[in-house]
Every structure is written in C-alpha cells, then in structure tokens.
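Structure 1 and structure 2 below are the same protein chain in two forms, each given by itself as structure tokens.
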Structure 1
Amino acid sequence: MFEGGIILSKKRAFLFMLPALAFVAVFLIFPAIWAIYIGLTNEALTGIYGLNHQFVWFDNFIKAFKDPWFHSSLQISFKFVFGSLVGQAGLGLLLALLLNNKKGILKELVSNIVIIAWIVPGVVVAYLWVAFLDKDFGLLNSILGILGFARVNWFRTLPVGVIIIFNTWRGTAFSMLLFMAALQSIPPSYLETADVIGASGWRKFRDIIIPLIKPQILTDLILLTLWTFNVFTPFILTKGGPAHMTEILPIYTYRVAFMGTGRIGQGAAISTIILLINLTLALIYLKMLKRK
C-alpha cells in the first residue's frame, strides 16, 4: 500500500509536469533538433537548393570555422557577453546593496526607473538609444556641444562599448531584483555582530554578504550569459556595423542565413555551434554551483 502510494504520487507528479514538458519539447527541443538537421544540408532561400536541398553533412560547420568573419563575431560576442556580465551583475549588486533596507521615495524611484528600462520593448529602447547617441542630432552630442566639446560618433569610436552599455542599461533590473531578494535572506544578526566587533564595510561585504549570496550570483551569471549570448536587439541599434565591428554571433547568423543568397543550411550550422557554446557555458556554471 505504501509502495502503491508512492507510485501513484509519481504518476500524478508526471501528469502535472506533462504540459510543461510538452511546451519544452515543442518550442525548445524540436527546433533545436530541426536546426541540427538543416545544418547538415545545403538548403538555401533561393536557387535550386531552395527546392531540392542535399545532405552535405559537416561541410557547413567546416566552412564556418574557416570563415574569418565567424572568428571575428565569436571574439566580439565574448567581449559583449563579458562586458554585459560585469555591467549588469555589478551594477545590479551595487544598486541592491544601496537600496537594501532603505525606505522612502528615493528607493521607489530608482527601482521603478531600472525596472521600466527592463520591461519596455527592446525595439523601443534601441531606437531611443539611437536618438540619444546620434552624432548630428543626438541628445548626448547636443549636451557636449553646449559644454564646448566636439561631437563624437559613438558608433564608430566605441562600437562594442555602445552595445555593452545599452545591454547593461537594459538588463540590470533582473540582477538588482535577484540580489535584493538574496540580501533580504541574510540573517540580520550576522551583520549586527560584525558591527559590534568593528568590522569595516568591505569586510562585511567580502566575508559575509558574498559567501551567503554566492548561489544567487552564480544563478544570475548563468541566466545573463545565456540571454546575452543569444540577444539580437543590438542589430536594431547598429545592424552589426560599422564595418561588422558589432556583429555578434546572432547577427552574423542572421546575415549568413537570410541576406544575400540566404544560406539557410550554413546559418543553421552556426546556430548549432551557438547552442553547443551555450551548453558548455551552462555546464561550467552548474558545476560551480553544484560544488558550492
């Protein structure tokens, strides 16, 4: 009877999970398998291979690794991801520390501004940043002109920095909310004891706060890495330019798959490579989290 009860509970749990598993299978697993399949063919948007594609097996993967633009996009992507991680996680943690246990209109104002930047559609945010950074008519250059400074073509002078700052401004809210919740879980007696023995703010941060919220930090880094590595919004901001200097891997994949002759097969192969990179990074983070 006891064993039967356990079996019945497992069946019920599976039934409750079935809709979620079906959703994951339809919208995540099947598209991934289909992308791998297309990546093994020479399918194209136009021409003879648009109607009758053939298996070329790993030729698309070999072409991708031989393409210098792929290596350039990979390097730009890692710079973009690293810069965004430092910006979003660092700024989110800083805001969480500053706003923790604070009350009043200032906390509400800062929190709402950060969250609004997160929930506003990415297309709207991108065009706002274009208007802000435009060389001739942008607000930032207008302010610099009033102060007597020369106008700067930000998209050419600091291309990767622009998309990193844009992505940091856009996504800091998630880190801030996650770390604010983590800080609230720290027992007040730990910090109060540290105050009694005269520990400095840095010692409390290093020896109490960071060790206790390390799982949340790793979780934040996992999610931010996966989201940032696959984000496409910078395309609206720069379209990968100027001169491919902001062409991260998703933009490079789009250019290969849908522009020119539309090499869908090779674009799918590059997507598969991105998937494998994401899985590798996720496994590294999960191993670190499990070790903790």
Structure 2
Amino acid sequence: MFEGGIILSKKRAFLFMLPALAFVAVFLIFPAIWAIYIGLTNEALTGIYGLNHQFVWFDNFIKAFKDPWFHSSLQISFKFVFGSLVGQAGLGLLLALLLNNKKGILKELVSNIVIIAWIVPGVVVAYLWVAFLDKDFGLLNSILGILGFARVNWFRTLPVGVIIIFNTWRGTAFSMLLFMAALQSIPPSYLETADVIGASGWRKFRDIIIPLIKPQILTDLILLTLWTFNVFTPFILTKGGPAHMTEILPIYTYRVAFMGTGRIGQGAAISTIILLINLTLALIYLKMLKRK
C-alpha cells in the first residue's frame, strides 16, 4: 500500500516524473540519437530524396571531411571559441577583481550594464552591433573620425574579430558573476596577510587569488567552450559572411541542412560530429563537478 515511502509512493513518484521524462525523451534525447540515423541517409528537404531517402552509410561523414568549407568552419569556430574564451574569462575576471570590495553605485552600475548586455535578446544585440560598427554611420567610426582616424569597414577588415568581440560583449556577465562569487568566498584575512607581508598586487593575484579560485576558472573555461561552440547569434550579425569568413560550425550546419537543396542527411552527419564534441566537453565538465 505504501511501497517506497509514506510521503510519495513509488508509483506516484513515477507518475510525477512521467510528463517531464516524456518531454525530455521525445524532444531532447530522441533527436540526439536520431541525428545519428539521419546522418547515415541521404535525406533532403527538396527533390527526390525528400520523400524516399536511402541509406548511404558513412558517405555524409566522408563528404564532410572532404568539404573545404567544413574545415574552414571548424577553424573559424576554433578561433571564435578561443577568442571569446580569452575575452569573456579575461574581462570577467578583470571586472570581478576591480569590483571586489567596491560597494554602492559604481559596482551596481557597472555590473548591471554588463548583465543587461547578457540578458537582452540576441537579435537585439546583433543589431546593436550592426549599428555600432556600421562603416558610414556607426558610432565607432564616428568617434574614430573625431579622433582623426579613417573609417574602417569592420565586417570586412576583421570578420572573425567582430564576432569575437560581439560575443565577448554579450557573454562576459557569466564569467564576471562566477568570479565575483568566487572572490567573495576568499576569506578577507588571506588577502590581509598578504598585505602585511607586503605582497605587490600582481603577486597577490598570482600566489593567492588564482590558486584559490582555480576550480571556478576551470568550470568557467569548460562551460564557456561548450556554450560558445554552440552559439548561433553571429548568424544574425553576419550570416556567416562576408564570403563565409565568419561561418562557424553552427552556421555551416544550418547552411548545409536548410539552404539550397537542404541536405538534411549531410547536416545530420555534421550534427553528429557536434554532438560528439559536446559530449567530450560535457564529460570533462561532469568529471570536474564530481571531483568538487
């Protein structure tokens, strides 16, 4: 009658979990597994393979590895992730350090601005940067003009740089908040001791702060890698252009699967590759979580 506990019988517990597990199974777990299957077919959005597709085994994977655009998108993704990592973790740590021990308006103001950049919808942020970086009217070029510099077409001159800076701007808040919390947990007496010994700012940073918040730094880096690798918003900003120069892997996947003839099977094969990369990163992350 009460199997499994008085508060919640096993049967009831199962019923409670059922709706959530059903949604997760159908719309999260199943698609991931199905991706592998679709990736082995030549399914397409249009044309004859739209209706009856065939099993092509590893053709899609071979094609992907032969496609120069795949390689270039991997490279761009790598640069994008690495740049964003340095930008976000660096700025986040810098902000957290500068704002630690500060109180009142200044801290509120700075952290709120950084957080708002994070929570505002991606589409809006993308167009803010379209406006900010516009060659003829953008605020950045106007300011540079006033300072006597020539106008720059940022999207052409520094395509990957643009999406890195855009993504850094958007995502720094996470690292900042994480590091702020980490710094808060360092007992003030540690840093005071350092003051008494007469450690310089840099030594304090290197010998005390960094070792103490190392777990958070590692967490931050691995999560940022995973998330940045799975970001789509640069698409709104540049559509992968000019000339595919900002076509990170997600945008490449989108182009292959949904543009032109819509090579769904090919896209699914690339999805499978992304899933594998994500899986590797997630396993590292979970291992770190467990160790804590």
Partner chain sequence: MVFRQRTNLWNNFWIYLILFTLVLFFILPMIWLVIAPFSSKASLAVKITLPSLNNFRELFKNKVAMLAFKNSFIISFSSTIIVTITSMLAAYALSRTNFKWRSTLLYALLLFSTVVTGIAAMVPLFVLNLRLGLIDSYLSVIFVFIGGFLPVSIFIIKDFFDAIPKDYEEAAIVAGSTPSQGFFRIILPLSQQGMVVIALYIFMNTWGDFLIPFILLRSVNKYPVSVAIYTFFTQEGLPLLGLLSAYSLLYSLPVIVLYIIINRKFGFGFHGGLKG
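On a predicted model such as this, the values are computed, not experimentally measured, just so you know. Throughout, rigid core stands for the largest set of C-alpha atoms superposing within 1.5 Å between the two forms. All residue numbers here refer to structure 1's sequence, counted from 1.
Visitor: Quick check: structure 1 or structure 2 for the form predicted together with its partner chain?
Guide: Note: form predicted together with its partner chain is structure 2; the other is not.
Visitor: Could you check, with the core superposed, whether the Cα atom of Ile146 shifts 2 Å or more between structure 1 and structure 2?
Guide: Yes.
Visitor: Checking Ile62 here: with the core superposed, does its CA move 2 Å or more between structure 1 and structure 2?
Guide: No.
Visitor: Rigid core fitted, is the C-alpha displacement of Leu28 between structure 1 and structure 2 2 Å or more?
Guide: The answer is yes; the displacement is at least 2 Å.
Visitor: How much does the C-alpha of Phe14 shift between structure 1 and structure 2, in angstrom, given a rigid core superposition?
Guide: Its C-alpha shift, to one decimal, is 9.3 Å.
Visitor: If I align on the rigid core, how far apart are the two C-alpha positions of Tyr285 between structure 1 and structure 2? Answer in Å.
Guide: Displacement of the C-alpha, rigid core superposed: 5.8 Å.
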